[in-house]
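Here's a solo chain for you in structure tokens, the form predicted alone.
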Amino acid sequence: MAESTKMEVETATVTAPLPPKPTFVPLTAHEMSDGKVQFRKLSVPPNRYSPLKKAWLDIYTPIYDQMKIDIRMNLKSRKVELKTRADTPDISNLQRSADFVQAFMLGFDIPDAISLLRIDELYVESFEIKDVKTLKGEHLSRAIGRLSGKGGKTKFAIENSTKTRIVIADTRIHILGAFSNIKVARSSLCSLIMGSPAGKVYSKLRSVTARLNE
């Protein structure tokens, strides 16, 4: 009797082997959105219509071939339309492509704007001169002149030292770059708007960029 109970206890403690872990194939971007097509529509400003027409192939090729996103120009509504495809590898490609097209609309050159497709940490920040200081008439014209410098010298100096790209479109300023670099470039531009001489801004810029490069 004792032997039979012992045998029962032993058989009860022997556990059955666990089934193997299931291996799931990663979902495609198309499956993640339940097979729904996602869209982005970007308005084309009147002043960028002709440049867009000339550079269309340079914009179309990387978006269609590399990012696997469908793109077309809707002539009726004057908007660039983007949508995902069944073979789009990553859902974030749609937003990256939209950022690239938007950067071109703001006035950035194709070689600069295309970096938004390739590098994750890049952003575009925009602000107006009146956000920093309320200026009118000649004071505003002089501020815009200070930002560019003679032959664009000041703007190029800020771009090269902060590794950013700057577009000055009338009273709007657009900066393309990494977050920390945009912060330094914006600080320098704001100092120039407030009336600081270019020499003072250069020396401050040198010390800040030296700290950033350490």
Partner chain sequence: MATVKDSGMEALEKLMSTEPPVFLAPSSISEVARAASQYLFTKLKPHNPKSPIDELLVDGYDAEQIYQQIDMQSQPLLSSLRQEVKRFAKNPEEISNFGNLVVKATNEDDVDEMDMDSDDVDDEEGNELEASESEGEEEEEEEEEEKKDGDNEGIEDKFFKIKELEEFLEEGEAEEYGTDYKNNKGVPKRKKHNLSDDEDDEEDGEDDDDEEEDGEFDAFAGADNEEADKLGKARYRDFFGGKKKEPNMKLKNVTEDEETEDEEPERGNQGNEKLSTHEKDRLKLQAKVEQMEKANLDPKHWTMQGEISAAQRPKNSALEVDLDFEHNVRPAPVITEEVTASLEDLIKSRIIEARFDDVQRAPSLPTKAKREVKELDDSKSKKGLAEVYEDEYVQKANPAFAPATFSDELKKEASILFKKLCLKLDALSHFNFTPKPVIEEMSIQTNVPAIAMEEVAPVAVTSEAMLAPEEIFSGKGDIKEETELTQEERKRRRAKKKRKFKAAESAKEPNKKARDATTENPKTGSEEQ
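Only a predicted model underlies this, so the values are computations on that prediction, with no experimental measurement involved. Positions refer to the first chain, counted from 1.
This protein has a second form, the form predicted in complex with its partner chain, left out of what is shown; the following refers to that one.
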ask   = Counting only heavy atoms and a 4.5 Å cut-off, does its partner chain in the predicted complex sit next to every one of Pro111, Ser161 and Arg165?
value = yes
Students should find that, of Ile63, Ala185, Ile173, Leu176, the residue having a non-hydrogen atom no more than 4.5 angstroms from its partner chain in the predicted complex is Leu176
Picking from Leu42, Ala157, Leu52, Leu147, the single residue whose non-hydrogen atoms come within 4.5 angstroms of its partner chain in the predicted complex is Ala157
Q.
Is Ala86 part of the interface with its partner chain in the predicted complex - any heavy atom within 4.5 Å?
A. no
Margin query: Whether Ile119 contacts its partner chain in the predicted complex should be assessed with a 4.5 Å heavy atom distance threshold; does it?
Written below: yes
Examine Arg48 and determine whether its closest non-hydrogen atom to its partner chain in the predicted complex is within 4.5 angstroms.
-> no
>> Whether Ser115 contacts its partner chain in the predicted complex should be assessed with a 4.5 Å heavy atom distance threshold; does it?
In response: yes
